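Consider the single chain below, provided in C-alpha cells and representing the form predicted alone.
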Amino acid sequence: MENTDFNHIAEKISQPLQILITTHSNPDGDAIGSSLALATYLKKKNHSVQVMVPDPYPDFLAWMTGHEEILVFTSDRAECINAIERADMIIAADYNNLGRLNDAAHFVRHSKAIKVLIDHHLNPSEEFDYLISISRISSTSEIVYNIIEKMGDRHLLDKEIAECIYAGIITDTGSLSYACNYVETYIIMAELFRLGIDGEHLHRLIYDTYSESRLRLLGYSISDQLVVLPEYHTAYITLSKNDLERFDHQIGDTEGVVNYALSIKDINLAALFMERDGIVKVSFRSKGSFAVNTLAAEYFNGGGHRNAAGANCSTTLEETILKFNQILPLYQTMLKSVY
C-alpha cells in the first residue's frame, strides 16, 4: 500500500513555514531518528522547525543532532501547546493515527495547520491532508531519505542527518535482521556510510549503553519469566509492575527483550507482556509469513507490521496472558511452518 503525495508536499514547503514534527508515544529509534533527520533537513530549507514527543524517549537515543531541543508533552505541556497553535504544518512521523499522541492528540486534531503523514505502518487514518505512506519500506527513516532525494535535495544530506537515518533503520530492522528484504535499504545504508557515519560507533551508542539494572532485568526476564510452548512454536515473557520496580525500570530498558524469546530454535511467535502505567503493553514478534499485526488487531486492538506489532490492553496482566494462551490453538497449524 502506497500513498505518495510528494509533489503536493514539495509545493507546500517551497516557502518558509513554521513546522512541528510529531511522533508517537514511547518513541523508539525510528521515531526519534526520522523526526530529527527531517528536522535538520527542513531547517536547511529555511523552515522554523520543532520536534515534539508525547512522553520521554530512551537515554540511548540522546546523542542525535537536535535531540536536546525536543519538546516532551508530559513535561513541556504549555510550550508544546503553543508550538501546536503556531504551526503552519504539523508532520506525523512514524505513526498512522493521531491517537498515538496521547494527551497531545486533542490539540493537534483541532489545529488549523496542514497535517502531513510520513510513515510506513499499514492503514493510515483519514485525519491527514497529505500522506507519504509506504508500508513495504523498512522504516520511516528510510522514507525520510527518499523524501530528501525526491525533493532534489540530495546535496543537503550530511553526516548528522545520515546518523539519524541510520539509527532509525538499524533499530526498526533489528540490525538488519527483519523487515529489510528490500534492496533499496542496503543501497541507502551504503550512501549513509559514504556520508561519513561510523557504524561501529553508532551501534555502540545504541546497544552498548546498558545500565547494570537494565542488564539484570534482561537476565531475570530470560531466566525467570520466559515461558516456552513448543507445541505452538511460541515463547513469551511477562513482567509485572513489581518486576519493573524491583529492577528500577527506565524508559527503553525493555527494548528488544522480546527478540530473545524469538531467537529460540523452532520458535516462530514471541510476545512480551509488560504491566505499566495501568495498562498491559504487549509486543509481538514473528518469523517468516506469520503476521502478528493481524493477531494484534483481531484480538488485542493493536497493530503494526507483519513481523513486529504491539498493543495496549486495559485488562489485567493475568487476563491478557490467559487470552493469549486461549487463542494459540487457533494458530497451531500456521505456526508449524511460517516460510
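Numbers follow the displayed sequence, beginning with 1. Model, not experiment: these values are computed from the prediction.
A second form of this protein, the form predicted in complex with a small molecule, is not displayed here; the remarks below concern that form.
Selected contact from Pro54, Gly66, Gly303, Pro58, since only one has a non-hydrogen atom within 4.5 angstroms of the small molecule in the model of the complex
It is Gly303 that has a heavy atom within 4.5 Å of the partner.
Contact assignment for the small molecule in the model of the complex, among Ala270, Ile70, Ala39, Ala309, heavy atom within 4.5 Å:
Going through each option in turn, the one that passes is Ala309.
Although the partner isn't part of this model, could you tell me whether His47 comes within 4.5 Å of the small molecule in the model of the complex, counting any heavy atom of the residue?
Judged by the heavy-atom cut-off of 4.5 Å, His47 is well away from the small molecule in the model of the complex.
How about Asp28 - does it come within 4.5 Å of the small molecule in the model of the complex, if we only consider non-hydrogen atoms?
Residue-level check for Asp28: yes, a contact with the small molecule.
The small molecule contact at Lys287 in the model of the complex, heavy atom, 4.5 Å
Heavy-atom contact with the small molecule at 4.5 Å: absent for Lys287.
I'd like to check something about His121: if you look in the model of the complex, is any of its heavy atoms closer than or equal to 4.5 Å to a heavy atom of the small molecule?
Flag for His121 set to yes.
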